[in-house]
Structure formats: C-alpha cells, structure tokens
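What follows is one chain in structure tokens, specifically the form predicted on its own.
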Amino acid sequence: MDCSLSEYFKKRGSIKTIGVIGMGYVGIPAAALFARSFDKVYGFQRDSSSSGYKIDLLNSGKNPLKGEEPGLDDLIRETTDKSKFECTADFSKISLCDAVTIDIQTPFLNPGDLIPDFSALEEGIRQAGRYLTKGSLIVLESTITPGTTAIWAKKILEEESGFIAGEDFGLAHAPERVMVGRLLRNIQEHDRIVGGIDDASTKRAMELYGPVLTSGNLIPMTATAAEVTKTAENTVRDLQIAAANQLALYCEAMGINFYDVRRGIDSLKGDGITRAILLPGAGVGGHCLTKDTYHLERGVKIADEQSVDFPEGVESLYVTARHINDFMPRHMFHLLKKGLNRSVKDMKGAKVALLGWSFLANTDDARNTPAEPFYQLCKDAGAEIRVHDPWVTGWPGIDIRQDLESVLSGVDAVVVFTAHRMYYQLDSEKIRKLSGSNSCVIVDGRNIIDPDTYIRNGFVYLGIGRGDKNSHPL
C-alpha cells in the first residue's frame, strides 16, 4: 500500500501548490507562511454572510484579524502583492493543489453528551474529497477527537473522491499549536506534531511543514497519537490553570495572598524539582481549552480498544478541572456582590463597567469568552452592565464600546475581565471622578492593578486570590 502511494508522491514531485480550507485564526497565518515558502497558496473560504468579507480583504492584502499580531499584516501584503496567495470561494481549485490543510473549528454544543459539532469540518472535508486528485495530501489541522482522522475523515474523503486513502492519496493530522497574539511565531517556532495514517503520508506531511519551521522540530507519529497529543496538551494546561484557580479560592478563604504563596512554592529549586504554578483568573476562554478535554474524553469512550482501568465512581480529573475553570466567572460575580454589599449597594440597579470582552489580552478573539456568563449573571440579577473592549467591536446582543470614559461614567463598580495592555494604565483617581462615587467597587480578575492605590482612593477592592485585601477596612 505504502509503495503505491509513495510512487504517486514521487510522480507528482515536490509540493508546489497548497490549499488551506478555513480562513480564521489558524488558516490565515498558515496560508501566508506557506505562500512564503511554496509557489502558490489558495485560501478557501465560504462566501457566507458572516465570513465572506474576508475574501476581498485578503485579496487586497489586508488582514481581517484584529488585535496585535506581529508580522502578519506585512506578510499577507507581501504574499498577495507577489500573487503567491489568493483567497477564493471556488473550491474546485483544490484540484490544482498538491497538499490541502483543513483549519475549521470543532466545538461542543453540549459538552455533557460528548458529541462535538463536526458539521462545518465535515463540509470542509467533503469539499476536499470532491476535488482531490491522485497523489495529493490532505492534512487535518483542526483539533479533533482521537480516532477522527483514520476513521471518520478517511471514510468521507473516500466517499467523495472514489479514491483510497493510503493508496491513492495521503492523509494526516498535524495539529495547530498556536496562541492568538503570536500566531506567526508559534507556527514557525513550535515543534510540529505530524501523524499520518501510514508512513508515506507522514513523510509527505513532513515535507509540507519542514520549510515553514525556523526553530521548531518535526515529530512524527501516528494520526491518532497526534490527535491525543493535541487534546492532551490543552487538557493538561486547563488542569494546571484549574489548580491555580482552586488554590486562589483557598487563599481567599484563608485571608492570605495567593501571589505570596505562589512565589514561595516556586522558590524550591533543585534537580528533579518542578513546582511552577500558573496564574489564576476570571475564567478560561477561547476555542481550545474550553473543549479539548471533551475531545480527549470522547476519544477514550469511542476507541475500539480495551476499557480504561479507572477508580469506580470517580469523575475524571480533567473534567473536574473544566468545572472549576467554568466556575470562575461565577466567582467574579460573587466578588462583585460582596463588594457592592460592602459599599451598601444592591446588585439590582447597580451600574457595572465590565472591562474586556475578548478572552485573551490585546486581541479581538472572544470565542467562549468567560465575560459572557458573568455578563448574563449580572443582567439576571438586575444590574445595568456596560462593556468596554479596545479590540472587540461587536458581539451578538451585546453593546461593546471603545470609549472607556463613557463606560466608566457614573458606575458603581468596575470589573476587570481581560488584561488588555491599556487597563494596566488605569488611573484610580480618574476612575473615582468619572464614577462620581466615594465607594466605587473594583474587582480585579487578572491581578493587574495595585490594590493599595485603589483602597487609598476610597475604592472597595476585591481580587482573585487576594484574601489579604478582600476584606480591607473601608
């Protein structure tokens, strides 16, 4: 089987033309980097009412992604000016491609049932299958349930193409490992996991990614192992964040400073000693950490292998971590209620300024933002809540403003949800004057303000993990 596919790859020659399906936070920078290293790249994007605008923007050399993304604007302009990158809704051009990568979101609509919404991904795979040619390579970069590439995706591609994966075309999973705000750097510098359904597919996929890497290494494995690697690395990070969040809640309850404890723990050095603790916060958002645990859990459940030997009646440690991180916006709501009570104000009718709607600092990425459940809790309690974000300019059903002074004017409370750079420069005296209150509440969900400065200026301060300050004298 491998021999036949290897011959097709050899006959086709080196990879020259690449297609990238899905022009989002992963597909756009990936396509731009491919275009710098290969002859031609097609970025495939549906001409839909919600995303079709990206086609004209990209073809005019403009970046549709907002926020601080070093180098991406220049690279898009450079590759379009040289006619090496073209965005199109014409999926038939997949037939021109030697390799096609697929970068489409894979959310869980209801994590409780462990069934992901693969509808958009399925359509992307079917488009690839309709137009793929013998000797081409298909690579799924989307984070997916372990087992998806070698079983589900393979079946769809074979149905649509009439070809056989592993004989007529190559198939692999090479998961993206990027963070918004450093997309280009991550793609070039992070090691790249490459997992084919066979050795020939793995080798061909390594030919695709090798030219893009500047310092990262290629790590070959099977497709399913690659799927587990991506879901597990995000699951473990989510667990580490949950550990920090739980410790912060404990420190609050005991009246001590989490950051003193963290510094003390980290001071223990020596061979074989690792005590690093991540930072707590107002909640975990984004497309990856909020759902990859469920992909991993589902992979275990659907695997046609032996059952997991696990303590009976004990919930998964990883799922428990998800519950803790999902709780943090509610904890922010509890801190706000406590602060308003201390300033002798009711939640009902309180005017609240929510600072930061994106889940990550200095970007416009608001997917699964933890600010949203907090916002809804406040609305349900009768509060009047205003939202400010310098990067997110719109969200369904939410009025998001870019004028910070109008958001802060006349408020009873200020809640910092995102560590945007501009929020580090907040002036306590100016906020006090804008609020018009001598006992304005400020809740810091990212530990970016100095509690003592605000307390001296008459604020009621509360912060995650700041048990030493959360009951300060008024």
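From 1 onward, residues are counted along the sequence shown. Model, not experiment: these values are computed from the prediction.
One more form of this protein exists, namely the form predicted together with a small molecule; it is left out here, but the text below deals with it.
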Item to complete: Name the stretch, out of 427-435, 33-41, 49-57, 407-415, where some heavy atom lies within 4.5 Å of the small molecule in the predicted complex.
Response: 49-57
Discussion item. In the predicted complex, does Gly24 come within 4.5 Å of the small molecule, counting heavy atoms only?
Written reply: yes
Worksheet item: Could you tell me if Val261 has a non-hydrogen atom within 4.5 Å of the small molecule in the predicted complex?
Response: no
Discussion item. Even though the partner isn't displayed, in the predicted complex is Thr148 close enough to the small molecule, meaning a heavy atom within 4.5 Å?
Written reply: no
Worksheet entry | Partner contact for Ser142 in the predicted complex: the small molecule, 4.5 angstroms, heavy atom | yes
Practice prompt. Assess the spot marked by Lys93, Asp191 and Tyr209: is the small molecule within 4.5 Å of a heavy atom from every one of these residues in the predicted complex?
Written response: no
Practice prompt. Using heavy atoms only and a 4.5 Å cut-off, determine which of Thr106, Thr202, Thr79, Ser161 is in contact with the small molecule in the predicted complex.
Written response: Thr106
Item to complete: Please pick, from Glu123, Asp364, Glu86, Glu372, the one residue with any non-hydrogen atom lying within 4.5 angstroms of the small molecule in the predicted complex.
Response: Glu123
